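In the form predicted on its own, a lone chain appears below as structure tokens.
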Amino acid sequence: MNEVLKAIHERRSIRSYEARQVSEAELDAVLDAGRWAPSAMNRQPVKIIAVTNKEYRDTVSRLNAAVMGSSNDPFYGAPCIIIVLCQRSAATGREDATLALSNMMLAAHSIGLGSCWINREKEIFDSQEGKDLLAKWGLDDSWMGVGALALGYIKGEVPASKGRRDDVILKVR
């Protein structure tokens, strides 16, 4: 099995992270993988935001938890959050953004980092507080939240595979 297929089979969603921040080189490698994700007609209507500042990280966590009506950390203590937005006007923006998220999860796994896809970014950045946060980061409301990743060094054991259903694939010949 080649390295890409091996990474696809072995990657897991990680829900426990060490407190130490990922190295700049590792973060850059993960972000670059997102940047190189395919997009419809190569329009690249995606914005990737790496949040390593603890105050901003905790704000995003709080906003995400509030969408669920919870006070728990939806990012499982990960010291880094990667937020992916798309241009609201892009017909395939969400699809393109999800490809960036997927690339980054595989890249993280391939260099020994853990990641977990986190939802509710649309609700966060449609809220006034979320829009204010984007404005602080120099972005206007033409950007829509799609998803985020918890990212960091894995704390504890990597979970075992839960396997995959056999009825997912249909071959029409």
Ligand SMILES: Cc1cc2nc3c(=O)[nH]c(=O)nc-3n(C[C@H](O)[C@H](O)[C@H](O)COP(=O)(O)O)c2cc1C
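Just so it is clear, the structure is predicted and the values come from calculations on it, not from any experiment. A residue's number is simply how far along the shown sequence it sits, counting from 1.
Same protein, other form: the form predicted together with the ligand, not shown, and the subject of what follows.
Student: Of 52, 119, 127, 39, which one comes within 4.5 Å of the ligand in the model of the complex, counting heavy atoms only?
Tutor: The residue from 52, 119, 127, 39 that makes the contact is 119.
Student: Check residue 155 for me: does it contact the ligand in the model of the complex (non-hydrogen atoms, 4.5 angstroms)?
Tutor: Contact check for residue 155: no, nothing within 4.5 Å of the ligand in the model of the complex.
Student: Is residue 13 close to the ligand in the model of the complex, meaning a heavy atom pair under 4.5 Å apart or at it?
Tutor: Yes, residue 13 lies within 4.5 Å of the ligand in the model of the complex.
Student: Under a 4.5 Å heavy atom criterion, is residue 165 part of the interface with the ligand in the model of the complex?
Tutor: Contact check for residue 165: no, nothing within 4.5 Å of the ligand in the model of the complex.
Student: Since the chain is shown here on its own, which stretch among 29-37, 42-50, 135-143, 119-127 would lie within 4.5 Å of the ligand in the model of the complex, judged by heavy atoms?
Tutor: That would be 119-127.
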